[in-house]
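The chain below stands alone, shown as structure tokens; this is the form predicted on its own.
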């Protein structure tokens, strides 16, 4: 067969090491999939693949062993998955319209986990609707609390859930359960003064340990949802590094706007001669300078009054 390799990859199929054989990569933004869709994956794997599936590190599903000539049939079978996941598509029945922006991964969030400060899946799916399909190479991950089970500091955008603890003094019985929990399991941001608790706002990371451990509900979660946004972590062969804090106590709308602004920034500054047409965002920022990136990223962003923007932004790590 005469194969357009670029089109195969754009359609979310992998070029494998076996001649004539590809693998279908299924997007599951937020990592949540209704169980009644599993037979769709099973059917593709058994009828067109080699009978196996691979659970990817980004919470997607990869079906290996598919012949190139069977790609149209596989795309037809994928349609119920694409529809149910609410994934934007250029033309129904043709599979995925892009593979550049990787599957948006997330921890299980507050749907299940008592430590989760927000619904990670819902936010991941909202980001998916805002940015996909897109050919630029972006990696986005969400975690429900500062425990960072999703390891979001290895991504271009890491979104860490926070809660701004609300304290009702009249409900406090000075048991100090919150103070002990914060000292042992978090950052020691609480202390007792005259039999009541005081919180160090600058030190607090919004983990919610005080809320979880308070027996009288003197501590509760804020109705407003806040996040910590970290930027441009990466792995790979050259210059791996952790993402750094960008904004603390940032809101959902601002994060969405910053991500979309970053797509515009990359389109304006990406090196057209980069291998495979891809250049990691962090390298672009290194090349253009942080201030140029911030000019783009914060354009028309209305941060909440409590937001704290880190400055300067500085990445350390290995350099080859």
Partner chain sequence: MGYRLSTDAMNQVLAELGKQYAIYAPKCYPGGNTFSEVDCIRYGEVHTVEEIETERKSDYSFKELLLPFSETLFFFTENTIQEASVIEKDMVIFLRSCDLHAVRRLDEIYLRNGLPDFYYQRLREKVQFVLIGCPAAFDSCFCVDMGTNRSDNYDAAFELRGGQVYMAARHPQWEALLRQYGEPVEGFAPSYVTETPTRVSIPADLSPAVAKSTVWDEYDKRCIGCGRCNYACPTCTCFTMQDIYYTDNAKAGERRRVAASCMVDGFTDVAGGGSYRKKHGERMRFKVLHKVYDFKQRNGYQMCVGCGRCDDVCPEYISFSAILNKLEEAMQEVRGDGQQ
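Residue numbers count along the first chain shown, from 1. Quick caveat: nothing in here was measured; it's all calculated off a predicted structure.
The next section is about a form of this same protein that is not shown, the form predicted together with the partner chain.
**Student:** May I ask you to choose, among 241, 151, 171, 199, the residue with a heavy atom within 4.5 Å of the partner chain in the predicted complex?
**Tutor:** Of the candidates 241, 151, 171, 199, 171 is the one lying within 4.5 Å of the partner chain in the predicted complex.
**Student:** Quick one: from 228, 221, 102, 234, grab the residue that has a heavy atom within 4.5 Å of the partner chain in the predicted complex.
**Tutor:** Of the listed residues, the single hit is 221.
**Student:** Taking the shortest heavy atom distance, is residue 116 within 4.5 Å of the partner chain in the predicted complex?
**Tutor:** Taking the distances in the predicted complex, the answer for residue 116 is yes, it comes within 4.5 Å of the partner chain.
**Student:** Would you classify residue 77 as touching the partner chain in the predicted complex, given a 4.5 Å non-hydrogen atom cut-off?
**Tutor:** The answer is no: residue 77 has no heavy atom within 4.5 Å of the partner chain.
**Student:** How about residue 125: is it within 4.5 Å of the partner chain in the predicted complex, going by heavy atoms?
**Tutor:** Outside the cut-off, so no.
**Student:** Answer with yes or no whether residue 211 is in contact with the partner chain in the predicted complex, where contact means some heavy atom within 4.5 Å.
**Tutor:** Answer yes; at least one heavy atom of residue 211 falls within 4.5 Å of the partner chain in the predicted complex.
**Student:** Looking at 87-95, 245-253, 173-181, 128-136, which lies within 4.5 angstroms of the partner chain in the predicted complex, counting heavy atoms?
**Tutor:** Careful reading of the contacts points to 173-181.
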